[in-house]
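In structure tokens, one chain follows: the form predicted alone.
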């Protein structure tokens, strides 16, 4: 796992680390490019399972390149569209060449969209491959949950958060909706999935 020179390591005090950085400016999603990606969100949010409960997720999401299974739901992958291909290529070149799957989440501040505290599902993922989240659009607070504490990272347009696999196994993360959160945010999360069938 390698990083561009503008990335910073953040020790969580438990022997685990999170890394933050930013996309190069030539990959910035501004104006029409952001609107094009925003228009790709599904018509309806998915229904996910938490134990016996089935709930409508408070956001839209869609997998590209590889299916992503979590919370009793499988997001069936569409082919990676041209608009996302440069982000996937940059992530493979700059972080980990094994990364091959993309999950896009669309968050609308007016709808109070959010994602609850969770650890990313290991189903189908390559052990040891990091999780990379690229934030586009409106600013939000990305929380790491460490020993009953919340460690906040403010993420804005083109910010990148990398969670190593070992960190994800130990610590959960979330993106809450907070008073004053407005505007639209798109998160592009990239992971590495095995081509081998699950055992």
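Positions refer to the first chain, counted from 1. Since the structure is predicted, the reported quantities are computational estimates derived from the model, not experimental observations.
Only in words, not in the display: the form predicted together with a small molecule, which the text now covers.
A heavy atom within 4.5 Å of the small molecule in the predicted complex is found for exactly one of 100, 105, 75, 94: 105. This chain appears without its partner; in the predicted complex, the one residue of 64, 142, 38, 29 with a heavy atom within 4.5 Å of the small molecule is 142. For residue 118, a non-hydrogen atom is located within 4.5 Å of the small molecule in the predicted complex, even though that partner is not displayed. Shown alone here, residue 133 lies within 4.5 Å of the small molecule in the predicted complex, counting heavy atoms only. Proximity of residue 187 to the small molecule in the predicted complex: non-hydrogen atoms within 4.5 Å are present.
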